[in-house]
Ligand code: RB5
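Encoded as structure tokens, the following chain is the form predicted alone, with no partner shown.
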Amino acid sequence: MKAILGSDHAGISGRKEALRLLEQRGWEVHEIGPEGDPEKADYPDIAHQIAQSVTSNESEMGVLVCGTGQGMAMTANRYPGARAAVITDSFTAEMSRAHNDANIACFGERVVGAAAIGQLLARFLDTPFEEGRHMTRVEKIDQVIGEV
């Protein structure tokens, strides 16, 4: 299994927590983003790289970490086939996978804290897509209407 992780400067610790969990589970992981202060990174630049990797099937899933997770998700969701979800608790981690087949987990390190990101990502990874009635809805998400 291949994953791609990225963060801006506000999500370095959370990205490292996600990396630790994925490597512990035997995933092949590619990581991008700054390594520490004072290095800065603009979240759209990172999110574009992760979304491109996931939607081109280079990676099976992506993880994005910034201050809130919102900017990363907004950027990633511009890509047809990207289903980036902001994860804030166990319920959103589970439902974004079970009902929405999310393929990019977005976290706000300033919202949930770095330590919680590992726990929430584990819940995300351990939850299968339920398919069934949700498949039609996911197909509608993936429909692109007009130009992106």
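Residues carry their position along the shown sequence, with the first being 1. Every value quoted in this text rests on a predicted model; they were computed, and no experiment measured them.
Separately, the form predicted in complex with this ligand exists; it is not shown, and the next lines address it.
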* Structure fact -> Checking Gln49, Asn100, Thr55, Thr68 against this ligand in the predicted complex, the residue with a non-hydrogen atom inside 4.5 angstroms turns out to be Thr68
* Asked: Should Leu19 be classed as touching this ligand in the predicted complex when contacts are defined as heavy atoms within 4.5 Å?
  -> no
* Asked: If you check in the predicted complex, is Ala10 within 4.5 Å of this ligand, heavy atoms only?
  -> yes
* Which one of these stretches, 119-127, 22-30, 59-67, 86-94, sits within 4.5 Å of this ligand in the predicted complex when only heavy atoms are counted? -> 59-67
* Asked: So which residues in 40-61, when you check this ligand in the predicted complex, have a heavy atom no farther than 4.5 Å from it?
  -> Tyr43
